[in-house]
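Two forms, one protein chain; structure tokens for each follow separately as structure 1 and structure 2.
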Structure 1
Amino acid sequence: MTPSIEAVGLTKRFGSFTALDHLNLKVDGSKCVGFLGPNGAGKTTTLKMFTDLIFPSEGEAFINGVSVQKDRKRALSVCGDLIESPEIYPSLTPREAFQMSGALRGMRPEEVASRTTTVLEEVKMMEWADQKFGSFSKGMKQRVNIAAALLSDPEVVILDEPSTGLDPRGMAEVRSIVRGLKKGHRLIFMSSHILSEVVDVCDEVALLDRGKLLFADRLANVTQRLGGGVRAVEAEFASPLDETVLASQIGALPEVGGWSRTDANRITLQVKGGPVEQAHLLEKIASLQLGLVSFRESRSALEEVYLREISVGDA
């Protein structure tokens, strides 16, 4: 079965305040979907209803087509989650904590032992499997928390702002882990308010503001919301390129609607057309042998879409 999550009219009110307002959203397949929005938009509230930590005022949440509200055990049996910042008992080691967690999930002891090794290696924490959790740095704790979410080898992984509060190194480590999870044929649904994080690891994005879904789309299509059928990509090179080379060899390509230098080694290109034209442009720039090292959707373009959509909602 293809992993999926779906919200149908999902609504949550706290007294007179509506935290989430009739969310309708379905995502499926093996990929990473960024659930994007400012603080207070309703992201964590949504994820708590998907994991049955709070009950909706209206609507339902489904995991692999099974209602979380009507059949919690079956729905969540295929799901691993990290909501807010859970704390493992500081006196326990990761191995001991996972033994307890696995038993609560009904996993066999030998299965828990095998999966403990697998998931701790996946987050690069096997070396500390028998050290007390309380002695770990915040970044190390978060890596163990992600490993705990993976213990049952879930098809669906729900992460609530997994890099929030970490230093730059910790944030980079968590993003690297999430990118690695995408290789495991899982559906990863990850809330965030950090645009660069979404660009780095996500394939699709859904934008939430004030409890309402503004849009959901493939990340590759998001920059087309700027209008004109033009999308922005960043190209990075191993060494700075001369302005004349940029203008004559790259700027003159028919897929390029314009370009600007981001810094010494990077340029932002306005690409005419859709994914096919973008793929053609990548092939052409690579063939020029100018030392291309990366080619990806522009962070600034996503930021512009984000700010425009949020400001429209505020108007």
Structure 2
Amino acid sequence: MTPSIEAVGLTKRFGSFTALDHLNLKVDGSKCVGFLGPNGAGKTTTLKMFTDLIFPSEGEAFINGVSVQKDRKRALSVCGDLIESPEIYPSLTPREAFQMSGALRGMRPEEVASRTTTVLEEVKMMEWADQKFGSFSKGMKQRVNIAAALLSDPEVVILDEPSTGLDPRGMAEVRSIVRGLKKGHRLIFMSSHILSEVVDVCDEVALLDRGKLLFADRLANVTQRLGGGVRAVEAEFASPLDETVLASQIGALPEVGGWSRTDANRITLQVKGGPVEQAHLLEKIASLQLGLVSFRESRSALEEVYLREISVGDA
């Protein structure tokens, strides 16, 4: 069976405030889908309805075709989830907590034992397997929570900002965990604020703003959404550049739509055209021998689209 999650007219109101407004979204197949949106967009609200922590005001959520609202037990049986930052009973160790959740999921004790080792090793928490959860730091708890979501090797994985509270290495590890998960026949739906993480691991993105879905598309198509948009590139030089040199040598290049100084050693350039023009520009600036240290897009295409779509909503 193809793993899938589907929201049908999913709506959540808190009093007169609509946190999620008739979300219609179907994702299926084995892939990773990034769920994006600014603070308060309704991401957690959506994921909580997918895991039956809160109830829709209207509409329904399905996991593998099973309504979460009608049969949470069956719907969640194929699903591993991490919503907000749950607490495991503080007097339990990760191993004991996994024994409990594994038993409740119907895993045999030896399966639980071997999976516990696998997932705790994956989040680098194996040496803490027998320490009480209550004594862990925020990031350690989050690592254990990620492991808990993966314990049963579920086909559908729902993660709400899995990198929250993790150190840089932890974030990198989350990425590699998600990439590893994608090797299986598995659907991963994760909310995130870290666009680079999404670009790195996700195949598709859905963008939510103020409870409304702005778009859902393959990541590869997002760049095209930029359409006539202008790319911004940041160039850094070894030593401060003279204003006149900048204007005459770089500003005059045909690929440059405009430029501005970021600080003494750095400038931001608007590139006219697409990747080909950007490549030409790099070659030309390098050949000027001005001491170019780095040359990179100041924002990814996803970031560009994200900011543009969100600001359209503001207008």
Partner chain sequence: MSATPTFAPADASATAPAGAIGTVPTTVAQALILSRYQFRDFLRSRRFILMMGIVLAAGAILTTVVAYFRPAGLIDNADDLYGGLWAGGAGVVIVFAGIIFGGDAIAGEFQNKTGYFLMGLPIKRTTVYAGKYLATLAASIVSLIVYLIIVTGNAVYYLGAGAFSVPIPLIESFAITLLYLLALLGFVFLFSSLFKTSAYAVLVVAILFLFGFSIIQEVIVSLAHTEPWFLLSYVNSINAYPLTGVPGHIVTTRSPFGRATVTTYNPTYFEGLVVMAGYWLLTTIGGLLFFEREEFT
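Rigid core: the largest C-alpha set superposing within 1.5 Å between the two forms. For numbering, take structure 1's sequence and count from 1. Nothing here was measured: the structure is a model prediction, and the numbers come from that model.
- Only structure 2 comes from the form predicted in complex with the partner chain.
- In a rigid-core overlay of the protein, residue 133 has its C-alpha displaced by at least 2 Å between the two structures.
- Taking the rigid core as fixed, one finds a CA shift for residue 31 smaller than 2 Å between the two structures.
- When the rigid core is held fixed, the Cα atom of residue 124 travels 2 angstroms or more between the two structures.
- Overlaying the rigid core between the two structures leaves the Cα of residue 107 displaced by 2.8 angstrom.
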